[in-house]
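First, one chain by itself: the form predicted on its own, in structure tokens.
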């Protein structure tokens, strides 16, 4: 089939999620810029992984004085129910370095810190509506005392109203208001780069009966390879080809592979990914009817066991926002990629509202519960008994690291929120592994420009969001991914528009 070359654009954005749309809106701020947004999905499925996200943005801030002005008027009541302290650069860096075990690009990390608050304020000006995360993670009717305020964890306090659906609806609305400069193309999967050596001229789109070529500065914002069973098995290992895909079915890694084949450098933790506990009955691929409602993140208040009846991780290692992205992988490594979160009546009120989409398994005794969930009975009963015996007296506080732990009594300790499971009836929820996004991808500089294998800039090519690698490894601080995508999307959009207008391209840069 021959390619039909259509009119040139100044900027061609590949992907219609958070990072890509922010890039398009940023490019549109340069007067006269013509931008194409190429979305592989049909219009009804637009939005990429962002549409399935909980839509938390982790930003550097000084506390409520920075956060409260962003909260939409319809959610203003939440401001009276919480206190929010500052989340400093130092705190953010500590969380990034701990979760990645130091395997993160520290220069780009600093760029994100510099612009994180600014970018959510800018998105607010574009029509994105924000709220506090209080109602997402707790049933407010069950946790509030008279006049009691909750001290929210400062790193995960801000989210888009109506989560990923609200986020992408708001950004797409802003894009559609810019119809004089931004043109979306749905059902236009990009399949290749158009390049001469290290100079990129545009991209090729595959349609049902032809190819179309789009010319211009190219911003790749088309996600990682999490929706490709082949690449998951190749890079992540045995069993990963069978896991649940939480997000869009269109993030197949095609353009990561094409860019690498064209000479782009690759970087990051190819064996790592963001993977979380999902309901055992969750859809096999992201379903817009449920978005992220099948997530099961209240495990810090549980004892979690596998089918052999054994605990396999420290459920209370840290706040769930700093552990949930590795917990899915831990579950995936268990027999049958299955685990059960066990609660008693002392902690049921702490379950996220999302648990209402699950079918709980309830029993009056642990013996009965073991039979109902189908785990190895004697091992399970021994696990619960030894755990209960290892717990220590102290004040249980679900809203901070309370230090209630099992000490050195267990081979697998629980570091916080370790209280005995002894108040019947007991409740179990079955969970499995769901992959969200992959950590490795294209090598970029701190201006989001793609670098070749020799560390030099590939002219006219940028990569933002999940396709850009080297930022996360092993684990992940919740909300940092969308922030990273927006920060570098805004940077790339501005740079691409200015480059297109000046017709000047940097050909060589040492990295």
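What you are looking at is a predicted structure, and each value in this text was computed from that prediction instead of being measured. Residue numbers count along the first chain shown, from 1.
What comes next is about the form predicted in complex with a small molecule, which does not appear here.
- Although the partner is absent from this view, residue 19 contacts the small molecule in the predicted complex, with a non-hydrogen atom inside 4.5 angstroms.
- In the predicted complex, at least one heavy atom of residue 190 sits within 4.5 Å of the small molecule.
- At the 4.5 Å threshold, heavy atoms of residue 247 reach the small molecule in the predicted complex.
- Though the partner is left out of this view, residue 14 does reach within 4.5 Å of the small molecule in the predicted complex, counting heavy atoms only.
- Only one of 181-189, 113-121, 376-384, 79-87 lies within 4.5 Å of the small molecule in the predicted complex by heavy atoms, and it is 181-189.
- By the 4.5 Å heavy atom rule, the three marked residues 26, 460 and 488 all fail to count as contacting the small molecule in the predicted complex.
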